[in-house]
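Alright, here's a single protein chain in two forms, structure 1 and structure 2, each given by itself as structure tokens.
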Structure 1
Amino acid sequence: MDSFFRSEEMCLVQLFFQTESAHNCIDELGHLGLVQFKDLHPGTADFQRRFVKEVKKCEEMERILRFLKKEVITSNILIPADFTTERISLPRDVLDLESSFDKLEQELKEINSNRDTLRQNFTQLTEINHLLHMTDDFFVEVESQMTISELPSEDSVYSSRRASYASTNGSLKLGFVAGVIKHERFPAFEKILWRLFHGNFVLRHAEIKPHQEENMEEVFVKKDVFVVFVQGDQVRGKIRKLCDGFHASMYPCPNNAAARKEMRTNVNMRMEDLRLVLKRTEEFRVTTLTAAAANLREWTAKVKKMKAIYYTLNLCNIDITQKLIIAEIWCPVSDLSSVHAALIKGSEQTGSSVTPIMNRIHTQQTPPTFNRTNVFTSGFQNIIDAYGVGDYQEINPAPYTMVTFPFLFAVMFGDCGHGLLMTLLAVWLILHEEHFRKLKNELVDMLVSGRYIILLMGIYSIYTGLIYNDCFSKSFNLFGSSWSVRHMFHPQGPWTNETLHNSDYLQLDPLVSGVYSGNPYPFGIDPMWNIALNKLLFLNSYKMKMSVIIGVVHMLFGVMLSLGNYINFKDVVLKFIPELVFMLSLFGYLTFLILYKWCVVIKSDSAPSILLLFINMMFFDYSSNGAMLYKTQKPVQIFLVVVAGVMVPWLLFAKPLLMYREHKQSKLVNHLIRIIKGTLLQQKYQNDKGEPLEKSKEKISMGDIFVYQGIHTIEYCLGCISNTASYLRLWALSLAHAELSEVLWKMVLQVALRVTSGMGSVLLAVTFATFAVLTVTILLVMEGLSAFLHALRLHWVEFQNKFYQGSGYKFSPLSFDKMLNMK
């Protein structure tokens, strides 16, 4: 099937259906999810469209549903997860739903306000209760103070907090004001009382300590009970005003104990009644909400669908006289029959005998780009689309990215232990996908969408880890090393036991016979290099050359893919051949030099550096050190550089010059045609159409063409060099990963493994925990993200700029499944 290698062929289809069956048809198409409606009124604003009132109604209903949902959640009622969807919701259903929603909202609002009023009453009664309880003590105290103060004894000690007894010199009857004030406001209240009365008052206060079962409110506000004793009656007015200012509630409090007791019993009775009423109100509320919650999801889905259908209807043309609706849709050619079937089904449901008509029209507009993906391929298509959606029917890089992206990641990540962990994580994500999606966390969602990418990355990392012979920074020795130490000693080699004792480190020499077995380790890097001190010297050279080879191969693959985008053969000769030859002659030759130097046996001191060879080749500098890799190197290199040099003007000038010639020829032809027409035809025909007859009506500006081609040439040629160097990040990141891995081993785990005392086991447990945490966070997460990013960059820039334009727009069909899942 072609569709994943290129975007699908799309067609523009005109639909005609009757107004009655419009809802059902669009509903069916929405469930099918394969058509994109084109906007037939592009200039009009949202509020000028035909169905704007209905859309507003739907939005109002959505608001009510949101309010209901909030209420349901705050009352901790569970919304049942599964719901049955009826397929169709017609316009008259809308009216029914609307009225029931309004009713529900009214009811709920009423219940809520009733409940709030009742709660307020209850709070007041509670406060009165506390007040009566605590002022008992105050009254007793103050009465005793008063009686004692009438006795002329001055040696009794009054344990009072306030020394403001202005009332000691008289048996005046004190008036008082009792109330409840918020705890934070009390100090300010006291200060102002002082200023008002200059201390001529007695103030007592106590904090309300709530009983556990009376806590009916969600938030408990700390309140204090206070009693102010003052002389005279006018001052009570002042205090009242003050209390109002501080939002303190005042309560009437009887003077004598008996009345207080009676009041308390009264209040308690009322509180009991109120408690009962509140409970009933709460129960009623819960029942209403549960009934609503049962249908909540179904209603939300219905309203969303209705809104989508009205949006779609807004895009169509309504022909009122003939009760016809005209719509234009983009649709994949291969799905035309299923669209037709859906339309027939929709119109059958309304019982109309007229089937909707589909009329395919040809157009010059660019269709949207549609790539049919399944669960596995959609992740890769998404990362391609994140850079840019492909042009219509352009080569789609996604199927190749499916392998090369995890592979390049693995080259940078290369550790089979970490690769195994990553694979296990991916398998876990795949098996428990539902569970993870329910968490609705953004980061987890991203991980879950990429679970197949992570799986492939892990599998390839295991492979490259085996080749790098790196597993948590240790090597496997499966086949036996190719290097031998024994042969360096007498009689074959120069070492003796004394050389061993005298020097800290010694280097093996491959020229001594037997030290190197003559044949390399069959799979991967020899395990001897893992314990060598000059390991990096060898590995760096190996990995840099590997990066260049992989880079050149990847870029050549990209250039070959661009062949698929050329429509006519001319472009192939004008653009593809010079690009290919340029890259092959310079960087293909570089790859050849690397492979040749590896395959050929040379003595170490006469081995020329490949980099120097390449640089000298570009400068035609053959004087310096005469050392060449092979005999005919000089003429071959001169030939290749000259060929590459010839390609540049070919790429730069060939296409524009050709187009210029064509343009001039066509202008000549048109001129001739116009002359012929003028002599053979009459005047009026000439006035009708004064245009030339050629197919393309565009004006070709030669300056633009030259500039465009010049930019392309410079970009390509300089890009060849810079992109090849860019692939060296494959070396850099794999080096960083290997070094981090080794640091974690040497400085974390090995330290604990070397301890020989008994406490070593405890230390090992703790150290292993540290090792595991650091491995996961630094090596898996940080390095993983880093390698992911760099592999992505290599694809987006170095690979795709050889062939990919990426300036299309994506096919976004009307699909109820996608809409409802996006919540």
Structure 2
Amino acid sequence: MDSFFRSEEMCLVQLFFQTESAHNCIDELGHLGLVQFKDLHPGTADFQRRFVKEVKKCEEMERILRFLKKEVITSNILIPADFTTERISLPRDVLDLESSFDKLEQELKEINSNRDTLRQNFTQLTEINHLLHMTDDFFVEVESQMTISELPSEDSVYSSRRASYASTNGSLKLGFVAGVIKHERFPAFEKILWRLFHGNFVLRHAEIKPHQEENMEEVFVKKDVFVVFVQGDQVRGKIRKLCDGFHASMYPCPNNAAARKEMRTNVNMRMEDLRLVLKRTEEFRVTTLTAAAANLREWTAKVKKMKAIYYTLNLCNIDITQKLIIAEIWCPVSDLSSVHAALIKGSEQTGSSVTPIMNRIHTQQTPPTFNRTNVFTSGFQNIIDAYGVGDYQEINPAPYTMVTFPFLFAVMFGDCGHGLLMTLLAVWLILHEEHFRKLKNELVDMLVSGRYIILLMGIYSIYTGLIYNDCFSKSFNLFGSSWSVRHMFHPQGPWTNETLHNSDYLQLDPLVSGVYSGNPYPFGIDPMWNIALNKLLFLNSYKMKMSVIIGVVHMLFGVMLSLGNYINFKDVVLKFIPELVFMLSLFGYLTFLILYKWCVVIKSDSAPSILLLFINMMFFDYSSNGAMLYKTQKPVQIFLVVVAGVMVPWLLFAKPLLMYREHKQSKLVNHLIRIIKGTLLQQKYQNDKGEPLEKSKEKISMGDIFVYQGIHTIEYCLGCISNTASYLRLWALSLAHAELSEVLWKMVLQVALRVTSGMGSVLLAVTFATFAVLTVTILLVMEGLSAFLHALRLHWVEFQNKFYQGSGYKFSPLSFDKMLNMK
């Protein structure tokens, strides 16, 4: 239980195990997930490590697996989610998997290459088939046209874009160039033909219409068939060069109809053969990918495990005989028995005759910080770690943040209705967690990770909404109001009917008998305040003072938590006591004044201002005739200010002077040792860096210590003032949220509710939809995010700086479960 409130106690352990059992031992430790290996070669480059070749092989296998996964996804083949993998990764698995993956990759690449070649051939045959089918009509039309010697004009070409051109030489024997060009390139191709040959050609073209049985490609490209009739071989050569420039495909086409018919028959036969071969090739490819998809997750897990094992082995040392591996690990003290059992299990699996040895090392190095979490607490721990990983054995703020964070959020977001919607959203995320994780969306993953944070924020918002008596800007009258209007009328009160009709507003007088029952509303704010004109003034005063009280209590709780750190680091008298007394003397007393003023009965005309009382207290100004709350207020306030003033030099000078005294004493002891026992004995007192103790102590700079302590003192004293003022954001955001909710009610939904015409129901439906959208987007999303960020700031800056340093480094164990994202 202690590890929940403070980071785990860690230890540095040296491991000795045989080389043949190394894979099994590390595999067991990886499944255990409680061991962080220390790099014993910090200055060695990656390419100089022993198992770098094996790591490269694993990376190459990962590349092949990514290639296979891409092909499987492209072919719309389902990858099974469940898989079973071996717990033990042997060295020979690298060679077996590497050869299998290489063979599979080469086979798949060859299949893809053959399929692409067949598809290209099929596309060419398809284009030739369309070309032969359409050129029959072209030849008939051109032969009839050349007999009448049609001469087109340039204007007609560019205005009507006719699909045929003719030369002016009469009936001549023409050659032709036939081919296929992309549809979007044809207009430019046509225009350049005209400018080159000035109309001395005949051009025919038609768009290729795809057929379902012939569309073997994934994406159909629109193309046009064209035939250019010209005279002269030199001109045809120029046209061929132009076709090459436009990347047009040119195909041979016979002159007579019989040859074209025979060629078309041959093309159709070849297309049928290619269609059959393509079908068989695709079936074989799908079969190969389906077999690979069945083992894809298992292979991926196995390769990642082997890579992690070889990467871990690169961190270890191997003795000269190459038979013993030496490693150093960080692990929790409470899990040493589990680690030892895992090592023995791994050694037994290989039949090793030597049991692994664990040797605990005492070191001055700072261990990593390890805080155990579960599904519920991991979100709050992530919030703390985002500020900074705690120092070793430092108090962990996460357990307390689970209570204070959603509460401070709810103080700013207090509304029963909005809190209920947020709670329902969190419950929905919790119930459908697996479904949302499969969406692979960054925003959704963030919401799922913080689902329990959202749940607590919603529940606390419902609670504070009941305290504020606010639900979508409306209040509940569950217990009956403590105020009564009836007793203000004659004869018990001063009101009459004329008073009711002639007054713009009326004020209830609690001194009139029966107007105020004398018993406060049992839970929360009285619903009568919801219809009062001075509601905002009342809530302003109430929420502002409440924010100060919550802020001071929150900061005092942080100072009390620092006691655990100060006991651990032996700074109770030097830091904890002056910090606590300074905070209580000033801001604890401010909280007392607020609560005392609430508890005693004082007339509003003679009630003193808490702010002026506190300012006059700091300046010892008691000359004014301002009223006091109690009789001995003046001497008490003078005493508290003096005590707070004494705490400042105590906090500033006590620790540096004590350290200076210890430093002088250590120098004197070293001097006596050197005189009495000589320099040989001095060498026995070396520190971990191999330097003499005296030289190590002399490195302490007293000037740096005084400067650091001065900065800490100024930061703490001024921070108490600024941090208390910072908690007023609770008051500001709470009022802003309530006012926005009231504006949406009055200016949107209430307008539709007052309509009494026949279309009122339709208007109400539209208005309610608008109200719902604005409520979700503005009040839930925008206001919720704003309250979340402000609550985060209050914890990071105002609360945690009282006891939390956050300058450690996180415990990063070898864990296969985290690596493979398994649960």
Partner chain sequence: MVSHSLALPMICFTTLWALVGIVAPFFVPKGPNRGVVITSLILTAVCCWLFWLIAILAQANPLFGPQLKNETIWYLRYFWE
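Numbering for residues begins at 1 and runs along the sequence of structure 1. In this text, all values refer to a predicted model and were calculated from it rather than measured experimentally. Under this definition, the rigid core comprises the largest set of C-alpha atoms superposing within 1.5 Å between the forms.
Between the two isolated copies of the chain, the form predicted on its own corresponds to structure 2. A movement of the C-alpha atom of H340 falling short of 2 angstroms is seen between the two structures when the two forms are aligned on their rigid core. Superposition on the rigid core between the two structures places the CA atom of D244 2 Å or more away from its counterpart. In the core-superposed comparison between the two structures, F284 has its Cα shifted by less than 2 Å. Core superposition gives S513 a CA displacement of 4.5 Å between the two structures. On the core-superposed pair, the CA position of V636 changes by 2.5 Å between the two structures.
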